[in-house]
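One chain is shown next in structure tokens, namely the form predicted alone.
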């Protein structure tokens, strides 16, 4: 029996106005996935999630493995065990991490030679079990680490954006649950926007990329705005604007809704007043009657073999 264990990190998608194409991996949380393979005449997939057996085709890791083995006609018994710390349903890429880790693991263990675009595609397919649709941003960040730009769901070509400023994140994680959250959060986004709105958002995104690559603090702060997807979701997360306001008052670079929420990622650097920021966050969350916790973290690398 062959075996491999890999570590994958959490991620925050939709950074600024980069809806569905821009995400960052963070070391806030991680997951260890172990994959075992043994030869057999048929194909059987077994998945254990934090010690409990789960239906493979209803699990992001199991379904991703199913599609890889089916497409490539791989026979054998495959056992997947995940030890997950990434909290599900919080907008931190939990389902994407499991899917990406399983695809990376089987590709590495069986030396399948999958291209980066294939790794993304199969990881997206697995993630769709949880999210209802496949999108490439979270899985790309989990696979490759750092700030990851991926050119849409058709080309699926990843680009690592070089960052020339020392950033870290304070993630605010409200203790709330919304049934079918990702589906609801996507449905309330308009199917089309005006030309002016498109130009405005494109300007935000260009400013964000420029700021990250050139270490320009003001450009990053401008670029962390979004007038399209995030504005639509404010009805689900009314505390977002207040968190952004208090974060800027204490010299953060800005804040953005992490993925489909409810978590909010505040982007910080050495100029940020952390001693004042934390009480400010507490005042906001108390105003909305929300229990929460925070996680301070940095940018993480991609999946690694343990």
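Residue numbers count along the first chain shown, from 1. It should be emphasised that the depicted structure is a prediction, and the values quoted were computed from it without experimental measurement.
FYI, the form predicted together with L-homoserine isn't displayed, but the following is about it.
A.B. asks: Just to confirm, residue 81 within 4.5 Å of L-homoserine in the model of the complex by heavy atoms?
C.D. replies: Residue 81 lies outside the contact set for L-homoserine.
A.B. asks: Contact with L-homoserine in the model of the complex for residue 255, defined as at least one heavy atom pair within 4.5 Å: yes or no?
C.D. replies: Output for residue 255 is no: heavy atoms all beyond 4.5 Å of L-homoserine.
A.B. asks: Is there a non-hydrogen atom of residue 123 within 4.5 angstroms of a non-hydrogen atom of L-homoserine in the model of the complex?
C.D. replies: No, residue 123 is distant from the partner.
A.B. asks: Just checking whether residue 14 would be counted as a contact of L-homoserine in the model of the complex - the rule being heavy atoms within 4.5 angstroms.
C.D. replies: Heavy-atom contact with L-homoserine at 4.5 Å: present for residue 14.
A.B. asks: Okay, which stretch from 113 to 121, 159 to 167, 135 to 143, 73 to 81 lines L-homoserine in the model of the complex, with non-hydrogen atoms inside 4.5 Å?
C.D. replies: Going through the listed ranges, the match is 135 to 143.
A.B. asks: Among 182, 232, 207, 225, which has any heavy atom within 4.5 Å of L-homoserine in the model of the complex?
C.D. replies: That would be 182.
A.B. asks: Considering non-hydrogen atoms and a 4.5 Å limit, which listed residue (266, 260, 65, 28) is close to L-homoserine in the model of the complex?
C.D. replies: Of 266, 260, 65, 28, the residue with a heavy atom within 4.5 Å of L-homoserine in the model of the complex is 260.
A.B. asks: Quick one: which residues from 58 to 97 get a non-hydrogen atom within 4.5 Å of L-homoserine in the model of the complex?
C.D. replies: Result: empty, none.
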